[in-house]
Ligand SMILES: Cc1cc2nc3c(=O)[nH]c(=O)nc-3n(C[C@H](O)[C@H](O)[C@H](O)COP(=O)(O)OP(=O)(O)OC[C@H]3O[C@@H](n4cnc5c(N)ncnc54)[C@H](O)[C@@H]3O)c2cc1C
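Given as C-alpha cells, the chain that follows is alone and in the form predicted on its own.
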C-alpha cells in the first residue's frame, strides 16, 4: 500500500515509519530523531517516556504536600447523617466478611481525587463482589441513615467519586467479572468494576472494540464511565454512552435491585429507565452491571499529527476532513502550543512536527486499508496545498499510533505536574471554541502560570485549564463565575463530559432552566428520599 501511494504523498509522511525500524522501542530512540520532518527542530530533544500511563487515585509523588480537606477549602456543611459506630462495622463485616477496610493508610488514596484537589475523611471502605452484597449494604445504610460514596477507579475530574465528609466508600473494584459476550451481536455484559482497558483488550481479541476510549482507560471502571456519561476519544465515531449502553443493573438507595440489564438493541416498552442513571454520578443508584454494544474492530487505523498556523485553520481543516474522509473519520482532536510545551517540559515527550500555534490529531478507522489510504492521501494533499496545515507526520502501526495519541492523552498528566489546576470542561459553538482561552489569558495575565486549551473539536468540547503554583481563592474568584457566564452567553454547557460532581454542582443553573433543576430535585427525592447516595454532588446546594 505504501509503495503504491508513494508518488502522491509528500516525503514527510513516510518519515515516521522509515525512521522507526521494527524492534526499536520508544525508549531506545528519541521522537525528534525518529519522526521529525526535516527542518527547524522543536524545543525538546528528550527521549520519550512510555506513552501509556495508568491514572490512579493520585498522580503526585509521596513527597507531595497533603491535600486540604474539602470541608476546610470549600464552604460546605455536613448534612445530618449518622456516624459509623462499632455496631455498624460489625454489621457491615457480616455483609462483606473480610472486606471492610478501616486502616487509615489504606483509606488515604480513596479519600483523595486523582488531581489532588479534594479530600474526604471517610473511615470505612467496603469492597462488595456482587449486586446482592451492594443491595445489603445500601439497605443497611438506608435504615441507619449512613451516607455512601460509590467509587470506581477514582479517575474523575470534578470530585464526584471521593467523599466530602465521612461517607462510607463503596468500591466496585472487586466487581470485575465479565458476564457474557456475544460474538455475533457484539453485546458485552459485565460487572461495573471492570477496568475499561481490560474490557477493550477482551473484546479486541474477539474482533470488536469498546465504543469508549479515555486517557484514564488503564484505571477507570466501566460503571463509573456510565455513571458520569463519559465522552472520550471515540465519541465522534460511536456517539454517547446513552446510545451504546443497552441495559443496566442498578441498586437503589433502599437496597432494591433494579434489573434492566437487557441485551436488546430495540425495546420500546415504557420509560427507558436506564437513562436516569447514565450521567447521574451515583446520586440516584449504584450501577452494578452494564450491557453495552461493541462495534466491530476496524482493520485499518491511521493517525496523522498536523501543525496548523491558527485556530481558523484548525476549523477549516476539520471541515475539509469531515467532508473528504466521511465515514472513516474516528477522531479529531486539537491542542494549542502551550499544551505541547507542558507535555515536553513535564513528561519529556518531544513534538514530532515543527513548532506550530496549534496541533490536530486525526484518526481514521475503516475496513479497507487501500480505500482509507486513498481518502487520507487526498485529504492531506488538500490541506497541505491550501496552507491549512504547515507540517505533519503519519503513523500506521499500532506502536507509533499509541505514541502520537500519548501527546494528546497525557496533557492532563502534564498539567497536574505544573501546579494546582483549575479545570473547565465546556461545550461551545465551534466558531467560538477557542475565544475563551484567549480572553482568559488577557484577563489573568501573570496571575496564572499557564492558560491552555485542547479537546475534542469534533464534539465541540473544549478542555480549558489554568495552572497556578497553588490554590488561590482570589484566582478562583477571577475565573468564576466569569467562565460560566461566558459559556452561558454562547448557549454552551458548563460540563461537556466530566460531569458536575462536587466542584461544579452549583453551576448547573448556567446550563439548565429552573424547571429542569426542580424536576431533578424531585427525582432525587423520589429515588433517594434520605439523600444518602453520594451527597453534596451533582445537584445544587439547597438554600
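Here the structure is a predicted model, which is why all the values come from computation and not from measurement. Numbering follows the first chain given and starts at 1.
This protein has a second form, the form predicted in complex with the named molecule, left out of what is shown; the following refers to that one.
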{"query": "The single option of 395, 203, 214, 339 touching the named molecule in the predicted bound form, heavy atom within 4.5 Å", "finding": "214"}
{"query": "120, 307, 453, 231 - the one with a heavy atom within 4.5 Å of the named molecule in the predicted bound form", "finding": "231"}
{"query": "Per-stretch contact check against the named molecule in the predicted bound form, the hit in 254 to 262, 137 to 145, 427 to 435, 158 to 166 (non-hydrogen atom, 4.5 angstroms)", "finding": "158 to 166"}
{"query": "Check all three, 318, 365 and 458, heavy atom within 4.5 Å of the named molecule in the predicted bound form", "finding": "no"}
{"query": "The named molecule contact in the predicted bound form: residue 503, any heavy atom under 4.5 Å", "finding": "no"}
{"query": "4.5 angstroms heavy atom contact with the named molecule in the predicted bound form for residue 286", "finding": "yes"}
{"query": "Partner contact for residue 153 in the predicted bound form: the named molecule, 4.5 angstroms, heavy atom", "finding": "yes"}
{"query": "4.5 angstroms heavy atom contact with the named molecule in the predicted bound form for residue 110", "finding": "no"}
{"query": "Within 209 to 225, the residues that have a heavy atom no more than 4.5 Å from the named molecule in the predicted bound form", "finding": "214, 215, 216, 220, 221, 223, 224, 225"}
